[in-house]
Each structure stands twice: as C-alpha cells, then as structure tokens.
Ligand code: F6R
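What follows is one chain in structure tokens, specifically the form predicted on its own.
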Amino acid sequence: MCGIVALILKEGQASPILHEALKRLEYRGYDSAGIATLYDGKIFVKKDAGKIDEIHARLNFDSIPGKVGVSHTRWSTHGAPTKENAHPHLDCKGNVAVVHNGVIENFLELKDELIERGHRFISRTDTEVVPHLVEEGLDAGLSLYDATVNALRRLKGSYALAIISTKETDKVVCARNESPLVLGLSDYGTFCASDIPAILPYTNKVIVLNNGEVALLEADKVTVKRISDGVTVSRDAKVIEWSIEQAEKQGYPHFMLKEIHEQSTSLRNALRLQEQYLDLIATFLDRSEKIFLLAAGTSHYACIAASYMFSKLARLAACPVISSEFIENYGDSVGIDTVILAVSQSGETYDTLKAVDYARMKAATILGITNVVGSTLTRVSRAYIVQQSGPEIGVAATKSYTAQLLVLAQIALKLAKIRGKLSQDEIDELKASLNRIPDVVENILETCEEKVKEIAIKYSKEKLFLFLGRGISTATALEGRLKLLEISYTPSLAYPAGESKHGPISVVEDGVPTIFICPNDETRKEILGNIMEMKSRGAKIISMCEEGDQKIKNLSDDVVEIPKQIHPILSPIPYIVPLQLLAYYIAVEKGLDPDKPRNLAKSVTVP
C-alpha cells in the first residue's frame, strides 16, 4: 500500500523528480507523504499527513536541495496518520533517513533494545527501528551497505526499504522482502520504486528485486546481492513497453473511466496469450485431485465465475476461496495432489501470497494469473500467465477484472479440449465467441454509456441497492455490488437470486433499486420469477439483459441491453461493463472521486 521512490542523479535536483514520482503512486492509497534529500553533508526532510498537493502547498517539496533522495507515501499500519509518523524516518543524529513499505513484525522487541541502549524514538511506527539499527552499524565503522545488511538480518516481517546517509552521500541502499521494489537505470542516474509507473518518465529499463535481495545504487550503476550470504546477483534489466501516456488519463476526467474504456484493448491483449502457457496451465489442472482458485477482492469474483466455467465446459470441479480464509478453511486438506490457481492483479497481494506460501510448503502445485511481470506471484508459481492489461491506476479494478475473466475462460476451454468434454463444433463456437468479446464490449461502451448515466442520475440518491443473479451471473452481481460500494459508498447487497427469500427480500420496499443480471441462459426462467417477486413488493427493477428480451424489458423500470453475440458462459465479461459505468457515474453524481475511494488501496501488500 505504501509507495517509495528513491534516486541518485549525476546532475540536477532530486526533489522535483521525487515529488512527481510520488504523484504517480497516489493510486496505491496513502494518508501522508514525505521527501528527504542529501546536500552539503546534511539530510533535509519535508513531510506531513495529508494529500501530496496539500503538503506541497505548505512545505514546497521542490525546494529541497541535493542530487540524492528518498520519498514515501504512507498507508498507516502502526501509528496514526500524523507528521511524526510520516516517512522518511531518521536516526538519533539525523545521519540516516529511511522509507519503508511493509510491516516489521519484531519492531517492539527491537525498539525496547534500542531504547535501553539510549536511542530516542519520535514516532509510533514500526519503521523507525531501521534507521537506529543502521546508525549503530555506522557508529561501529561499517559502510552504509554493511550497516544496512546487518540491520536487515535482524528484521522479521515484510519490507521494501530505501536508505540514505550523510556518511556516504553518493549512495542509496534498497532492499526487499515480500513488498515490491524495482530498480531503474538511466543515463542520468539510478532509481528505485515500489511500482514501475512511478519512474517511467525517466527510464523504461528496470530490474525487479526478488525477496531477500539488497541493492546498492550509485549514480552510474546498481549492484544487487543476496541478504543472506552477500553473493552478487546478476540480472539483466528489462525494457518496459508501457508508454507514459498509458499511465495518464488521456483526456478522461478520471482514471477509472479511462480504464473502463480501455477494456476492448485490454481484452484483445488478453486474447494474445501464448498457447503453450495455456496448455501448460490446463495440463497441471487436469492432473490434479483438488483445485483451489485463490484470490482476494475483485479477483475472487473472477474465480467464482471461473468455477462455473471449469465445471460447465470441462466438467472439472474447482473451489473458489478468499485468500485470507484459505489456510483456516482448507489448509489441512492441501497436499501433493492439490493445485492452487492464484489470481492477483498486482501479483503482490499479501493474503494471496501468504496462502500460496503455505500451500507450497505442503507440496501443492502453484499456478498464477497476474498483470505484473516479475511480481512475487510469477516467481513462486510453477507456471503463470500475465494477463497483459497494462497499468491500472484507478483503485477500483475494471479492465484487470474483465481480462482475468477472459484468461480464465481460455483456460477453461483448453481444459475442455484436453478432457474431451466438448465437440469440435462446440469448441469452435466458443472460440468465435471469445474473439468477439472485445468488439462487443466496445459496442456496449459506445451504445449504452448514456443510458447508464441516466440511470445513475435517477438513482444516485438512493440509500440501498440490491444485486441479484443466478448461476454464473452470481459473480457479476457480487462484483457489480463491490464496485458501487467501493467508490460511491452506497450500502449494497448482492446474492444469488435463488437465495433472495432467505434474507434480502426483507429489505425490499417501495422504491428500492434492485439490479438483475439476466443473460439468456438456463437460469432465465427462474430469474423472471425473482423479478416478479421483487416487483410485487415495490422494488424498482433495473435489468441487464440480452438485446431484444421483451419479457425482461416488460417487467423492468430501466433496462440496459447487451448484444447477443456472446455465449452465455462468457456473459460475466460484457455484463459487468454497464455495472462498472453505473458505479462510476453514481460516484461522480455524488461529488466523489472514484479514483481515490476512502480507506481503500490498489495493492494490499500488508496484512
């Protein structure tokens, strides 16, 4: 959740670049920000709680002198969001500055030891133990690198760290364990950051640090070593093809709307997966005795939809599980015959990686779907697929969700072919439907957006929404509810429509907007009955239905029609798009910023 950026330049001033880079990390969620630089043998720090622009208006980040610096956006885990708790943190003498993403599990023990030895603490954060540990190493005559490594070997927990010191003003030391960190190489300096978009304007050549690695940054080179034994690691830089424009709004008022409109492109990219990787993933799944589809948040709803796809197309049972519940619920049943298919947009989701590590220790086979090359999930998976969605800046997942669904659908189709559960004609029909999806989504965005906007304005002041679907559309109802809840803060319920009599129907009264997801599949007859039940109790019916479905339209107060060209098993992809737009426009109508929903962050990398 926290974001860090550090750099060392050959010439020029570091602080304006650090300031700009922090702005590109705002999507991660934060409550405070700060910058520290080295100049004339001293460390200069400016930090505070609040938004970056607000802090800059008060303190002027760009005025801090020096060619070397570290910076940070903080998401509170230890200590309230205050100036004292904001990063960077210093040692007693002001000779060491540290920024940190993660959680130091043994910080209280370390803090007590340091206080006994005379160290003074200013904040209530776990991070502040790190500069004091480095301070002790420097006082003992160690280099900044060696003092940092000694400190790292005492830490338990997760961290991405960047450290500078007045003792060596031409170096930055960075380290990573369980929290993401990338290095950037350019002709005018070197960088490290929590995420690639932060440094893209300055370089597209990056090295991804692995867990348990430390890097020494100098103006013209980086050196990477293992923390455990000091062995140098040789790793070539990767060239990132994302343009700067991909990480900007491109004329849209918000990143979320831009990314909703990018879905036809991201879906086309998701159809360009290499066949051998799909075959490999499908083969592992086919050979398993037990399959768990592991994810958190929006990705979990993609897994719910995938469980229907696997069952209906390949006749293969797969259990979708929320990552944070996996160990408690299914941990004792995991073994060598188990396959875990983990889905994470960032590849760094804490709960998912924790569950994956547990399963690995019990000899399960780990497979992954992610959007980030070089992420932890890609490195711990036996095989993985990168969904190729490009950077997603908006906190609420949109294009990453539909791309995940499309990747999972392709895996399901591969499984069906391997297992001989579909005829060639059926496979050909499904492939044709898959290939039509990007065009159908593009058509929905062109023809339905104004209608959805009208519905959003009509219902924006309502206090409660109910989302209902049957079969695979249950996943769409859940994800549609989540989008509305995340960015408009409107209380919402989502249920399988067959369960509506077991609770949800009790809250339905005159005027309650009830959204039905109604593709023309085998559940349509039952969903018609559910609509009539709710309508008879005064609900306002909003239906997502197939184009020309007159029975659904006659029962509905408002309708969004979806083109017919898509096979029902693929319906979660086009049917979620109007619900993404609905959530977006309700949030905007309420005067909220859909890109920065309160209390939420893009990448949940701490427990």
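Numbering starts at 1 and follows the sequence shown. The structure displayed is predicted, hence computed values, not measured ones.
From this point on, the text means the form predicted in complex with the ligand, which you will not see here.
- Interface residue among 291, 224, 430, 395, judged by heavy atoms within 4.5 Å of the ligand in the model of the complex: 395.
- Interface residue among 190, 345, 376, 127, judged by heavy atoms within 4.5 Å of the ligand in the model of the complex: 345.
- In the model of the complex, every residue of the candidate spot (296, 483 and 486) has a heavy atom lying within 4.5 Å of the ligand.
- The chain is drawn here without the ligand; in the model of the complex, the stretch among 210-218, 530-538, 298-306, 441-449 whose residues come within 4.5 Å of it by any heavy atom is 298-306.
- Taking the partner from the other structure, the ligand in the model of the complex has no heavy atom within 4.5 Å of any heavy atom of residue 473.
- The ligand is not drawn, but in the model of the complex it has a heavy atom within 4.5 Å of residue 404.
- In the model of the complex, the ligand sits within 4.5 Å of a heavy atom of residue 349.
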